[in-house]
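Only one chain is given next, in structure tokens, and it is the form predicted on its own.
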């Protein structure tokens, strides 16, 4: 059994890091955070050129033919960089389209989503499972409001969660109204989207394997984004501890800070295997895949918030300033922790799964 990443997977991450270092550098990220724009075309195009949007779509459908593990590794690097754009929503919409049973819908939309030319985003209420969604559909139209939708103004397609646990693809335009709303995460600004008898492009039945798989994949991918952010917070803290001096010595030499950084590193590294396994379990359709996804979302989002808080403390006063930028990952960690249900809700779900399985 292979417990390490392959050379190809490491190459994907290295290539993505290099690209994001150029397109989402410090100045670009600060300008985006300070603006009201919810989309950054230049960085989005750079991700599209790497083929990330169809990374988990089969080759015969125009994708890269890889899996959720590879998608999670890419999202991890995006979270590490604080990259804008609805990367998770785009990846999942591409997978949804590739699995839909309408050849006409696939022909009309799949190539554009895989290429990134048609921006797609998730419009799901923050319920911890599909059955908690509130947007109603009759299979022909959808009606209701979803808050905290990423890149809504740029989106051409919305993957909407519907009452009872179904999903529907809805195109921007008729019956779709977007209202900007304040959100914690300034790197991925969000809006409220109201659907007023908006026409359905394609509907996925409640309880179908596709819907359940997409939801659990979303949990894993948002956990991956949180994990990448935690890595960035740790890296920034270690670098600062080596450079900042007090009493003529780098502050990293002081025992209290050494212990704090070691605790942060333990929180990050111990979560890595959980993330990889959750993605692998979904790729392999293992019996505990849903449980692994719930635990990955719960534990990693919790740890990301904890590490971000510790990073602010490790930096002292400068960590609280807007200009330094640590707040970007602190806010992103808080948003990831809230998306699609809290850690407590997913731990409760995981416990119920174990109980139902007799474990």
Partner chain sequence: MDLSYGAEAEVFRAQLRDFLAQRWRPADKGQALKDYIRAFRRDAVEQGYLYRGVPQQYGGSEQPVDVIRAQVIREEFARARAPMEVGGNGTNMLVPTLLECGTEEQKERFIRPTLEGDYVWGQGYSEPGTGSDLASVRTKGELRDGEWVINGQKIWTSQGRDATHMFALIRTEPAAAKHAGISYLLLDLKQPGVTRRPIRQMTGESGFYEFFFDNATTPADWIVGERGKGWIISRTTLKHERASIGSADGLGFQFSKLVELAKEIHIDGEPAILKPAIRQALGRVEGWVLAHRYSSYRIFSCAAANEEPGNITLMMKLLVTEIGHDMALLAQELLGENILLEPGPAGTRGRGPEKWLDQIMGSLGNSIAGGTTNIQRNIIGERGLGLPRDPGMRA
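Bear in mind that the values here come from a model prediction, so they are computed numbers and not experimental data. Positions refer to the first chain, counted from 1.
Just so you know, the form predicted together with the partner chain exists too; it's not on screen, but the next bit is about it.
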(message) I'd like to check something about residue 156: if you look in the model of the complex, is any of its heavy atoms closer than or equal to 4.5 Å to a heavy atom of the partner chain?
(response) no
(message) I'd like to know whether residue 309 contacts the partner chain in the model of the complex, with contact meaning heavy atoms within 4.5 angstroms.
(response) yes
(message) Under a 4.5 Å heavy atom criterion, is residue 152 part of the interface with the partner chain in the model of the complex?
(response) no
(message) Residue-level question: is residue 103 within 4.5 Å of the partner chain in the model of the complex, judged on heavy atoms?
(response) no
(request) Can you check 135-143, 206-214, 169-177, 269-277 and let me know which stretch has heavy atoms within 4.5 Å of the partner chain in the model of the complex? (result) 269-277
(request) Have a look at 261, 218, 163, 201 for me and say which one sits with a heavy atom within 4.5 Å of the partner chain in the model of the complex. (result) 261
(message) Contact check in the model of the complex: 190, 265 and 338 versus the partner chain, with a cutoff of 4.5 Å between any heavy atoms. Do all three pass?
(response) yes
(request) Just give me the residues of 27-47, first to last, that have a heavy atom within 4.5 Å of the partner chain in the model of the complex. (result) 34
